[in-house]
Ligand SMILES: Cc1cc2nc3c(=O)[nH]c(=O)nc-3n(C[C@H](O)[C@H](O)[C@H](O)COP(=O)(O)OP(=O)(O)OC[C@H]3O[C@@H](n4cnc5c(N)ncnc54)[C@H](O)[C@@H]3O)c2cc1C
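For reference, the chain that follows is the form predicted on its own, supplied as structure tokens.
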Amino acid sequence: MTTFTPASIEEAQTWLQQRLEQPKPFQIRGNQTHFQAKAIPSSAESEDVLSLSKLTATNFFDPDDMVVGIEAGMSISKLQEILAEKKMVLPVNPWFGNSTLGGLLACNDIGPNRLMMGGLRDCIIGIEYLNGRAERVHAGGKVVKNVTGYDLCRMMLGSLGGLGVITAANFKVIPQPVEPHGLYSRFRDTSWLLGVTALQEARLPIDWIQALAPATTGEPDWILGIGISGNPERQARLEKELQSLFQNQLKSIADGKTNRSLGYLPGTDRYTGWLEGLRKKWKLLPNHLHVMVLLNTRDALQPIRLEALQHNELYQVIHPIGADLHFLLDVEDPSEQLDFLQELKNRFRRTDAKMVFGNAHPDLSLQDLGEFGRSTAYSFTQRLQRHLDPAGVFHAPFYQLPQAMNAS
């Protein structure tokens, strides 16, 4: 396996044309912050890799119109650094700060802000990519009012490298939150879900919400964190309403601060890698299992008995309004990981849940997720991939899953 790292989009285009002439499949990678899932174990070992990590230019940044355009190899932390100079931010929640913007789009990273401040699909206004004919395709625009035509931008979100090589993207950005703060409380069980339900019904404009359950040999000790921002009057009003919903159990903590006795709360790090701090704090093993379960609706979380998922080495991160649940098992044995994965599949069998690997032993593959690993529109995306990549050079395991799979 060889890695080609072009210094320009034109070099990447020429390299892609050579692969099309052979044809020869290849993988697309950013900074390799995500688990390289396989459809079939060892199916991609001989393929070349295209890395866009050198494509880090800022194409434009207009603070007045609140738009920015960057090449796909720039990291999310670097982009947020550039935006911070003008007191602006891209309101998305990457798992890792070192993830490239192209990788974020291809994996459609989500986190505590989703359904509250929006996600990538709500921020992207333009995209550039290389298609299966090595053509340079531009979609969308540089300002919101000029975005017309087919919605190719959102088509590329979550494409996992199977529909083309994302080379650049344009985003709308927002001003940084005013005086952000966090509220938190400890719970001995999942009774915090009652407060979350009331919060959803009240439609309070919070910035983020996240619940953590560190590994324990006894009952899980949940830590619920909620982020708010605004002028003092707005914060006082929101805090009063939140205290009422959670029976005056919440305490205040400055946004971005971490109290060792609490564990890790998102804070301002939610913009530059909320998962990174958790993995460091919990000292997870390199080949630990991380499975994200994405529910179809946030209401689907209510009937699931999270407290029943007990394991001495299990950590849980729940974004209850974003309807995504993260289970991190601090063991490296593949058979034990598969056993726990089966428990998860049994737990969510009666829901419309989907699963994604964040990390796992190299022996595990997408096949181990069964039907949970497929998107709702799996057959459509397969047809779309064959149309956009007729030569079959874009390696994307998701599109190569066998026709017959089961969830057992």
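What you are looking at is a predicted structure, and each value in this text was computed from that prediction instead of being measured. Sequential numbering from 1, following the sequence displayed.
What comes next is about the form predicted together with the named molecule, which does not appear here.
Participant: Looking at 170 to 178, 311 to 319, 134 to 142, 157 to 165, which one sits within 4.5 Å of the named molecule in the predicted bound form if you count heavy atoms only?
Facilitator: The contacting stretch is 157 to 165.
Participant: Among the candidate residues I226, L329, A72, V92, which is the single one with a non-hydrogen atom no more than 4.5 Å from the named molecule in the predicted bound form?
Facilitator: Contact check passes for A72.
Participant: By the heavy atom within 4.5 Å rule, which residue out of L289, L79, L104, L265 makes contact with the named molecule in the predicted bound form?
Facilitator: In short, L104.
Participant: Please run the contact check for T33 against the named molecule in the predicted bound form: heavy atoms, 4.5 angstroms, yes or no?
Facilitator: Within the cut-off, so yes.
Participant: Is there a heavy atom of D207 lying 4.5 Å or less from a heavy atom of the named molecule in the predicted bound form?
Facilitator: D207 lies outside the contact set for the named molecule.
Participant: Using heavy atoms and a 4.5 Å limit, would one call R29 a contact residue for the named molecule in the predicted bound form?
Facilitator: Looking in the predicted bound form, residue contacts with the named molecule include R29, since a heavy atom lies within 4.5 Å.
Participant: Taking the shortest heavy atom distance, is D109 within 4.5 Å of the named molecule in the predicted bound form?
Facilitator: Close contact exists here: in the predicted bound form, D109 approaches the named molecule to within 4.5 Å, heavy atoms only.
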